[in-house]
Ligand SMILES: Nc1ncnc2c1ncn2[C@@H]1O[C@H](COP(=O)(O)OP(=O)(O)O)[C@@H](O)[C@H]1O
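Below you'll find only one chain, the form predicted alone, shown as structure tokens.
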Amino acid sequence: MAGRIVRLDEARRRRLKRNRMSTPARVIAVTSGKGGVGKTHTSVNLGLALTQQGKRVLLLDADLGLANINIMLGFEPAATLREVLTKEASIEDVIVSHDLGFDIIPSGSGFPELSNLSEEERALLVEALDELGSNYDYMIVDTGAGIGSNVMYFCTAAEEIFVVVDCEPTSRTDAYALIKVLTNNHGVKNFSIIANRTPRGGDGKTTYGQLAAACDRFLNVSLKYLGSISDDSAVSEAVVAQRPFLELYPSTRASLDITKIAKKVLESEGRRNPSGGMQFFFKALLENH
């Protein structure tokens, strides 16, 4: 059964407008070189895992024009980023709260004009997001797949980039292409890798090692192995139920894996870039493009 989604009450809307930056949220872009590798599942379940660790989490569906988070969680948003960009709604009108404790900014689906934002639209988006202030500890940006302009836009602005790959050769090849473009065209040098759908008995390090070897040979980048998520039937069952697998099956292998990844993310908080966070995100969104 899909989760209960509610729009923010008036008190929370006022707080969102009033609060300004004090402690910047940690902005993480979750991306992939190709579709179908479980990027959005990773984003949603990582967000839930961080919520379960007591963190305030905002999920931003940045797959503009092909929104996935609302489909995965089984709700139809009353308003999306499309309405923010057309000035029909404020960002406070768009944010919804999931009953599991995290908030979501949904995107529009089936609107090809969102796939390539204009400079004016990007500036409007930055202004809208800036109003969120210090209400969150983490903003997880679920980007589109591939090397399109919006993917580059959000990845280059984020404090950290998590690249999701699986064991398929095409996944590694496309992940390498994504990293190459971000490095050569946008100067991004640091990436964290999550190996998804790891076969039973594996730990994802083989997939990571193959990708790292290609990057070491041809690119001047730093790759970090963040962890793996097991190939688990519980994930497919959760997809049908339109709920996070971490909620429905907290003891299954995939859930234990995403919890380990979340704890690893938390452990690295002390090594954050002091110029990162939401302030950096907003500034970079304007300056990098």
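Residue numbers here begin at 1 and follow the sequence given. Values in this document were obtained by computation on a predicted structure and should not be read as measured data.
Keep in mind the form predicted in complex with the named molecule is missing from the figure; the text below concerns it.
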**Message:** Whether residue 250 contacts the named molecule in the model of the complex should be assessed with a 4.5 Å heavy atom distance threshold; does it?
**Reply:** no
**Prompt:** Using heavy atoms and a 4.5 Å limit, would one call residue 107 a contact residue for the named molecule in the model of the complex?
**Reply:** no
**Prompt:** With the cut-off set at 4.5 Å between non-hydrogen atoms, does residue 72 touch the named molecule in the model of the complex?
**Reply:** yes
**Message:** Within 4.5 Å, heavy atoms only: does residue 82 come near the named molecule in the model of the complex?
**Reply:** no
**Message:** The chain here is shown without the named molecule. Which stretch in 259-267, 50-58, 216-224, 37-45 comes within 4.5 angstroms of it in the model of the complex, by heavy atom distance?
**Reply:** 37-45
**Asked** Going through 163-196 from first to last, which residues have a non-hydrogen atom within 4.5 Å of the named molecule in the model of the complex?
**Response** 196
